[in-house]
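Two forms of the same protein chain are encoded below as structure tokens; each is given separately, as structure 1 and structure 2.
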Structure 1
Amino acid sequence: MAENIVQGLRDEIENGIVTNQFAPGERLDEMQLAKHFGVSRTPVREALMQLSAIGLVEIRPRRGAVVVEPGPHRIYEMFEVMAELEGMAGSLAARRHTDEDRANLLAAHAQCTQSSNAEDTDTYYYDNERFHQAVYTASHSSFLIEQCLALHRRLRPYRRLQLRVRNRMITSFNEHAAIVEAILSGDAEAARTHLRQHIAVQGDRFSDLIATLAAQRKNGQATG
């Protein structure tokens, strides 16, 4: 974070939000952040401005910045859009992938095979990220890649939540296999459908999870 302080702060705070260090709804005190990072308020504010432009924090006039709290329905909507974008990436990847993309995709899938077999959800989480990024890359559309990466990143905390769901990892892995098959065989529509479904399911699961948690909370906090 040496050179370009603002960018560094932006990344740090964004990461803090995405990893739930800064919880949704939490207030981001400028002076506190400034002191914590050993800088003045100016670069902190500039970083917060950037984050507010992205939609990660909300700046209420004269009342400071807070981490946005998307709400279950909005998160579902974000998964919907993500599904569409990934479907598009898959479709383009099927038509445009190079030998290098093929190798990349297969390598990422192999990693997923390993971590899936080992039932190592933490590792699978990272390998899964790499897999999806391989798909984006193979689309050869730099703008699409950027959009996908940005949204993927924003949905991180909610995706992570899901691997806890029973059998989600093995199901996910099987879906990956179909995606790889479709892309490498050049079947654009199949790639699109499989990827769209793969992501859309996550939105559904997320909704289920929320419903479950809400129900648990209603039936007494003993489980919470």
Structure 2
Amino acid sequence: MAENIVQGLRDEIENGIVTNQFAPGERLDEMQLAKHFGVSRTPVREALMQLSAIGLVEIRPRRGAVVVEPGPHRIYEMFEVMAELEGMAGSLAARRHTDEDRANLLAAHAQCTQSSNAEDTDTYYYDNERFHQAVYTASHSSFLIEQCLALHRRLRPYRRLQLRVRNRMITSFNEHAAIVEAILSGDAEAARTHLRQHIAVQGDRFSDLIATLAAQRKNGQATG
């Protein structure tokens, strides 16, 4: 099974959930999804399992995959915790990074430069993932890495959606530059602060995210 096929299906179903094309409590039928996307049931099943792992769907006995979509308060709480975890990862990375970590972080930042300059939000999203994973790896804390990756996956659809807010991608990239400088200069407190602010979605940023989510849902309903 090609990994990119599963990833593409997962992203399409994920987008359908956050835009309300698939409503909370709705059953996601494997056969119907396979027919809709023109694939076999095997990659559909794998995509649903991945969505189950991050809590967007729940696999129930005799019902299969059912949509589970958190409300705004829950999303806010997850970003709040993610900001603290990323801040800790940045602080540790500033103190513990190796030459290999340095090279990986710079390479990931360079990839973000390309996708940002191309104004390609979808590609930037995946380059952004690799950038944050390079920070986690540089922390050299296996338990923290596990927790960061788990919550990062859980917030994936909302982090991707946030990049579609006007000017958010270029702002994100500029924030990356400050994060890289802080980590590579060994400034643990600056790295912590920059990463916490980079992830936090308080005030206007959270309002923008929720407004964009609502607009996506309205468009999804109009075209569904």
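Residue numbering: sequential along structure 1, first residue numbered 1. Only the largest set of C-alpha atoms that superpose within 1.5 Å between the two forms is called the rigid core. Remember, predicted model here, so these are calculated numbers, not experimental data.
Form predicted alone, given as structure number: Of the two forms shown, it is structure 2 that corresponds to the form predicted alone, while structure 1 does not.
Rigid block check between the two structures (residue 83, residue 40): No, residue 83 and residue 40 sit in separate rigid parts between the two structures.
Relative rigid-part rotation, degrees, compared between the two structures: Turning angle of the smaller rigid part: 46 degrees.
Backbone CA shift between the two structures, residue 27, after core fitting (angstrom): So the C-alpha of residue 27 has moved 3.8 Å between the two structures.
Backbone CA shift between the two structures, residue 59, after core fitting (angstrom): With the cores aligned, its C-alpha sits 8.0 Å away.
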